[in-house]
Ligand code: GMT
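Only one chain is given next, in C-alpha cells, and it is the form predicted on its own.
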C-alpha cells in the first residue's frame, strides 16, 4: 500500500462491537496507522478488531461515572469530555466519528468547548445505517441528527442508498460524500482449509453460512427457512456466526423445521475469514442493510451471496452475476436461487470468480485513498 500523505494525528470515535460500523472504523484506523498516521481510538471499551499491539495506535477508554442521581449515566457528556482531553493531550488534528448520535453530537460539543482555548478540530462524520434508518427516525432524535450532520466539517455515507435515506428523512443542507465500506485482502481471501471443511462436511455437503448480530432486522429465521428448502434438494450444512437477542427464537425455528442436526451455532468469531474459506454460499435476507459488509467479506473469500434487495445490497451484489437479489421475505425464491448456484459445479465456479472480481472493486487501498483525501480537504 504505497501511499504518501502528510502525517496526521487522527481521533476515531466508534462503537467497539462486532457490528459493521465498529469493524469498518477499527480496520480504517489500523490501515491509517500502517501508512504512518497516528490514530487514537476513543470508546467505552477496546474495539473487538483491535486485538493486538500496533505501532501508531492508541486506545482511550471513556469512563462513565455512576451516580444515584442518574437512572441512565450520561455517556454523551462523558464522551465529549474525553474527546476534549485527548484532543489537547495528544494534539489531535482531526476527529472521525462513526454514527451521527451520540458520536457526532458529542464531538461537536467538544469542538465548541475547544474553541474557548483557540483549538480548532475538524469533525468528519460517517453515517452507517442504524443511526439513520432506525434510531435517527425517532422524532425526539431528528433535530439532533440533522444538526450533527449539518454542522460536521465533512459527512460520508457508506452507500448511495443510505445517502438517499438521509436526504429523504432529515433536513440536510450540506454535501454527503459516498465512500463505501472496504475489504482488506491481506486478511480476507480464500485459504486452503480442506481439513476444516472435511470436519464440518464429511460427506461433501455444501456449506451455507450466515453471520450477523442476530437482531430481528437480520431475519435470521428466514436463513433457517431458506436452508430447510435447500437441504431437501441438496445435501447441505448451515453455519451461523454471531449471537444476539433472536438466538433462542432461531433455535426454536430449527427444532420446528427439524434441521437442528444440520445447523451449527458458532457464536461470535474473530477469524471469520477462516470459516468463510470453507463455505459455499452466504445468506443475507436482511430487512434493512445500509451496505452489507458481511456479504463483501464473503465475496472476498470467493463465496457467492443470496440476499434481499434491501438498502445498499444491490450496490454490492449484482443479480445473477455474483449472487441473487430477492424481495425481503421471499424465502422460496432465495432458496431456489441457492439451489440454482449450488446444483451445477461449473455454474458455481463462475459465481465464485465473479464474487471475487466484484469484491476487488472495494479494495482497502482504493477506499483508504478517498478517506485520506477527505481528511486533507478539511484540514
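Since the structure is predicted, the reported quantities are computational estimates derived from the model, not experimental observations. Residue numbers count along the first chain shown, from 1.
What comes next is about the form predicted in complex with the named molecule, which is not displayed.
- Among heavy atoms of residue 227, none comes within 4.5 Å of the named molecule in the predicted complex.
- For the chain shown alone, residue 304 is not a contact residue for the named molecule in the predicted complex, no non-hydrogen atom being within 4.5 angstroms.
- Not displayed here, the named molecule is approached by residue 293 to within 4.5 Å at the level of heavy atoms in the predicted complex.
- Under a 4.5 angstroms non-hydrogen atom cutoff, the named molecule in the predicted complex lacks residue 282 among its neighbouring residues.
- Put simply, of 213, 231, 146, 161 only one has a heavy atom within 4.5 Å of the named molecule in the predicted complex, and it is 213.
- Though the named molecule is absent from this view, in the predicted complex it lies within 4.5 Å of a heavy atom of just one residue from 237, 111, 197, 288, which is 288.
- Only one segment in the set 271-279, 241-249, 116-124, 213-221 has any non-hydrogen atom within 4.5 angstroms of the named molecule in the predicted complex, and it is 213-221.
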